[in-house]
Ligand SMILES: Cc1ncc(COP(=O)(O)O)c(C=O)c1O
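Only one chain is included here, represented as structure tokens and corresponding to the form predicted on its own.
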């Protein structure tokens, strides 16, 4: 373990590092293989739309000048897009950056942060960083159990975070279920609905922004341009909430956190939303094909509403992950729990299905 300089806070000294998905080139070097593909980080298989690429190429923003620190044009565009006022929108360095702001804004040492587990790995990291206390209701059949979350609320609960669809399991709950949940939570607890994979969900599950925000001032909905829009490298996400909650979150924003190129690309993606959703439908179709085929092969696969599929392999997670990686398929293992596989283009998905067809299912 690398020694640390100075006297960092105990919560920092003990903080585990975030482990990103392994790069395809790294797997090639480790296993002496070629043509590896990365299916570990739920990135889109395509880059930005042509219109967005053109906007980036013709962007006249001077690199030596700061971009608009509030991203006012983008906030207004997102607000019009999702049906809220511009002052109900804020943007950040990915939705992860906004999650960090929420922790900085609301969590003091000893405060309880409530999130089901297993879920997105940054939740425990930020909880520990702020010296909060993690309360983790178990999933039920790989899905968030909202009744269990309500039962775990206490007077010390400051923040509740729910990933929907859940990462890494891909399962999702409806807006109707969320409305019932919010009605059972004290209004002084901020509830974060992390919808990084919202575009891939069945529309029948509802849309939290038009259906819930007007009723619940303590709700904040997070979304991102990293997944469906293919802007992961530009790091831009957004939050939608009451104007008062947005103003509070903005107090902890890093100045100039969203760079000029990211703002241009996000504006272009909002304008081209119909084209984005055409790509999303391809991924949805491929996801459903993968789930059906894997189940036919004998694998247990929860219903997914995201752009990935999940195999709850328990102790078999590491060996199955290794077999896939040796075949040039870099997936994301959660040792002892399960394996997450990004849905990609048909030819990539066919490679996954072929390799798993040669492995004895669970």
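Numbering follows the first chain given and starts at 1. Every value quoted in this text rests on a predicted model; they were computed, and no experiment measured them.
One more form of this protein should be noted, the form predicted in complex with the named molecule, which is absent from this view; the next part is about it.
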item	value
Contact flag, residue 126 vs the named molecule in the predicted bound form, heavy atom cut 4.5 Å	no
Proximity of residue 90 to the named molecule in the predicted bound form, heavy atoms at 4.5 Å	no
Residue 81 within 4.5 Å of the named molecule in the predicted bound form, heavy atoms	no
The named molecule contact at residue 256 in the predicted bound form, heavy atom, 4.5 Å	no
The unique member of 74, 262, 163, 276 whose heavy atoms fall within 4.5 Å of the named molecule in the predicted bound form	163
Contact residue in the predicted bound form, chosen from 289, 235, 180, 158 - any heavy atom within 4.5 Å of the named molecule	235
Partner-proximal stretch of 145 to 153, 91 to 99, 198 to 206, 267 to 275 relative to the named molecule in the predicted bound form, 4.5 angstroms, heavy atom	91 to 99
Sequence-ordered list of residues in 192 to 231 near the named molecule in the predicted bound form, where near means a heavy atom within 4.5 Å	194, 196, 197, 224, 226, 227
